[in-house]
Structures are given as structure tokens and as C-alpha cells.
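First, one chain by itself in C-alpha cells, the form predicted on its own.
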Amino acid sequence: MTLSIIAQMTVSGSLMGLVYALIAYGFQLTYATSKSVNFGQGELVMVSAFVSLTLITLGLPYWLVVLGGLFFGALLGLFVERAGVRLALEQRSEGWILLTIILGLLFFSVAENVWGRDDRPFPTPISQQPIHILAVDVTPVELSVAVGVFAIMGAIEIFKRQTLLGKAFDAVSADRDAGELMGISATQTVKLSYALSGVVAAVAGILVSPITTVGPTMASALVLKAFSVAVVAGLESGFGVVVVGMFLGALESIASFYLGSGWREAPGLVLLILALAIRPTGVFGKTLIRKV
């Protein structure tokens, strides 16, 4: 009985951990081109989910709701880049840290005033009836999380590796000034990375909302865990966030079951502290060697 419970907690937690990994992947996209991250990324997830929910209440087909949510997420990402990041990068300052936090607070305030403070269910055409696979029960909604996460991450990685525009990511990441000299617009590349980060946030919101409901506070619960995943895996780890995300999701699910729900946040914080203390570049990160 105990093994079956652990198996169930591990699978359910791992699938939830994929959402953390996806949000962490959004951090990686912007860090790769600008060495900056959007500390309001959780609010992008939340606002995109609310917009998608609004489109559902208008009676739009689900596929159109998804496309609308992704488009709005991209617009939010572009807004963050223009309002909170670009000037700081041009001045080579760290002002983007405070500005992205402020924008996140702004999005939170807007969400509360427009949609209210109550959590809302997110309708989905995907069945929520559990399917018994081996020794665990998994719902199609949970399986859709795995499909959606790997689909969007895989599509972006193919875009980055197989297209000239995508390869600009690597060029700007390696040396922004050298990329400019080679005719690559670093500003446009950073804009694209923030737009893709917004799309990733929207996908995360649409995938997780049928499981957790939609509310203004969902951002704070998600972004801390996602940031822990990004730091533990390494901000340049690629798919390493998937491994760490699934591990963290399983760990917090087991901790919540055996120690109580009050301990659910503890594993992520412990992993974050250990990573910063022992390996700041992350488990899958690369150690930089500087020549002097």
C-alpha cells in the first residue's frame, strides 16, 4: 500500500513539476539573449490564464482560446521587454530587476481589479476522469500537461537550432557586441526572446489552470518554485529544467502527503539554498572559465 501511494504521489507531482519546468524555461529564454530574467513571469502566467478564461466565457472554440492566450502572452512579454528591460540593458545597469518586479505587481493589481480576488475554475474539453496505468491513476488533463510542455519546448528548441533567426540567440548570448558587428540586431533578438517567454508563460497558465483553478495568487505559488528549478538546473541548462522540475514536483508532493501541506514549499527552498551554496551555476550548468 505504501509503495502504491509513493508511486501515485511521484507521478502526480512529477507532472505538476513539468509546469515549473516550463516557467523556468521562460527564464532561460530571456537569460540566454540578455542575461536578464523577468521576475514578473508568474504574473504573465496568471494574466494569460485569466484572458484565456475570459475568451472561454465568450463562447469561443477551445483551439481559438489557446491561440488567443498565446498571442496575448507574447504581447505581455514584448511589453515587459520594452517597459522594464530595454533601457536598463542599453545603460548596462541592473535596473531590470526592480522594473520587472514592479511590472509584476502592476499585473497583479490589474488582475485583482478586473477579474476579482476569487479563484475560478478553468473549463476544459479534456476529460478529468482518471485512467489507471500500471499502479497509478492519471487524468487526461494531467497527461495534457506533459504533452503541452514537451511540444512547446521542443518547437522552440527546433526553431533556435534550425533557423537563422533562432541561431541569433546563440550569437547574442555568446557576445552581444560581436553579434552586433556581424549584423545581428541584439535588441530584436532580446525582443523575440521575451515574446517567446510570454508564449511559454501563457502555455503554462492554460495547462495548469484546469488543475489548480485561476486566481491572482496563483503567480506567487508558481514563480518561486519555477525560479528554484531554473537556479538548481542552471539558467543555461536547456532541458535540464525538465529533470529538476519533475524531481521537485515529486519531492514536494511526497513531503506534503507525509509531513503535511504546510511543508509543501520547503523542498523548493531547500534545493534553492543548496544550489546557491554548493553549485551556483546549477546542476546542469556550465562552469565559465575566464582568461585573463
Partner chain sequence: MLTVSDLHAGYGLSEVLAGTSLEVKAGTVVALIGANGAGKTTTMRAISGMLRPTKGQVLLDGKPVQGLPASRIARLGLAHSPEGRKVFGPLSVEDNLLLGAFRRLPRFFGFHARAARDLDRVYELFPRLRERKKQDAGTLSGGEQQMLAIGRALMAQPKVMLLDEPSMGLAPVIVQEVFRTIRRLKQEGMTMLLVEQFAKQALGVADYAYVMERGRIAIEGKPADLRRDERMLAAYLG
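Residue numbers count along the first chain shown, from 1. In this text, all values refer to a predicted model and were calculated from it rather than measured experimentally.
In what follows, reference is made to the form predicted in complex with the partner chain, a form of this protein that is not presented.
Only one listed stretch (171-179, 199-207, 142-150, 72-80) carries heavy atoms within 4.5 Å of the partner chain in the model of the complex, and that stretch is 171-179. When contacts are judged by a 4.5 Å heavy atom cut-off, V114 does not count as touching the partner chain in the model of the complex. Although the partner is absent here, L164 sits close enough that one of its heavy atoms falls within 4.5 Å of the partner chain in the model of the complex. Among heavy atoms of S185, some come within 4.5 Å of the partner chain in the model of the complex.
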